[in-house]
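One chain follows as structure tokens, the form predicted on its own.
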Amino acid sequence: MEVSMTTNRNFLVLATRNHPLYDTLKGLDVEFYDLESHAPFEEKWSHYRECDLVLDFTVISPDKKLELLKHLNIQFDFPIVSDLTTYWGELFIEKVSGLRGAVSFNFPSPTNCYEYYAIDERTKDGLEDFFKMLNVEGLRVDCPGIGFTYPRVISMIINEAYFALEDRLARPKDIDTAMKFGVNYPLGPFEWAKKIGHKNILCLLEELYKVTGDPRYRPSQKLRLEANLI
């Protein structure tokens, strides 16, 4: 991904190494913290820093994610934006007053366009400048829901492909070919799963199933096995 290195805004970025944009984020002209080795709130002077947005790109369990965001909310008096691709975004925003926006970068987009949610114009403007640094487009949505729209839909398609595999309807290569040439998808479900990451897909489906109880979100056993083997 090509990046633009400069901006007039100050961004504080936190990430874990399992986020797909980790290397890109680390190379930006921002204050960057690898949360697995060092955190900004460990520094005594952190209360006195100035920034326009605190951006969280951690991929951790829902409980740990909520705990981190609450910690950031206490530590910083600036808008917080979090990558909530595989989480119940509405719940987090209700529970963390300083969480002013959410993004969906954990699922790579074939169109280089990513959904985002911003409560106010200040957060929206800051995010749009951040998107320019990454050379990506943003699509503002009214609500992050659980996993936004694209991640939620593609996870269900991939899950159904794994159910088809369980039923021995076709081979992975044949299913990928059928979806690419039959419905003009840029990638087949199994190709997409490899690009996105089986664990990310499983995390989102499990969150959807836990919150809604809807059986259409029940993860395929083959998908679960694939995620646990990696």
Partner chain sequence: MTLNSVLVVGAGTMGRGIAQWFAQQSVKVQLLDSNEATVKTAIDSINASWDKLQAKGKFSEAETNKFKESLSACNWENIKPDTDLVIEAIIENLEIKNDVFNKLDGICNSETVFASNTSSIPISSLAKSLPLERRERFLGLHFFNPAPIMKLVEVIKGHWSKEELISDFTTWFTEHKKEVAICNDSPGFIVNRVARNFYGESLRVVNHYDTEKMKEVDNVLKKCGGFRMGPFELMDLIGIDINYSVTESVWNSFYNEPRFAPHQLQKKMVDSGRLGKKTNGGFYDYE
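Keep in mind it's a predicted model, so treat the numbers as computed, not measured. Numbering follows the first chain given and starts at 1.
Not pictured, yet referred to below: the form predicted together with its partner chain.
Participant: Which residue among Ile154, Val136, Leu72, Ala118 has a heavy atom within 4.5 angstroms of its partner chain in the predicted bound form?
Facilitator: Filtering the options by heavy-atom distance leaves Ile154.
Participant: Should Pro215 be classed as touching its partner chain in the predicted bound form when contacts are defined as heavy atoms within 4.5 Å?
Facilitator: Result yes; Pro215 sits at the interface with its partner chain in the predicted bound form.
Participant: I'd like to know whether Ser61 contacts its partner chain in the predicted bound form, with contact meaning heavy atoms within 4.5 angstroms.
Facilitator: Ser61: no contact with its partner chain in the predicted bound form.
Participant: Report whether the minimum heavy atom distance between Leu35 and its partner chain in the predicted bound form is within 4.5 Å.
Facilitator: It does not: once its partner chain is placed as it appears in the predicted bound form, Leu35 has no heavy atom within 4.5 Å of it.
Participant: Check Arg171 for me: does it contact its partner chain in the predicted bound form (non-hydrogen atoms, 4.5 angstroms)?
Facilitator: Residue-level check for Arg171: yes, a contact with its partner chain.
Participant: At 4.5 Å between heavy atoms, only one of the stretches 61-69, 163-171, 27-35, 195-203 reaches its partner chain in the predicted bound form; which one is it?
Facilitator: It is the stretch 163-171.
Participant: At a 4.5 angstroms cut-off on non-hydrogen atoms, which residues of 167-183 are near its partner chain in the predicted bound form? List them in order.
Facilitator: In sequence order, Asp167, Arg168, Leu169, Ala170, Arg171, Asp174, Ile175, Thr177, Ala178, Met179, Phe181, Gly182, Val183 come within 4.5 Å of the partner.
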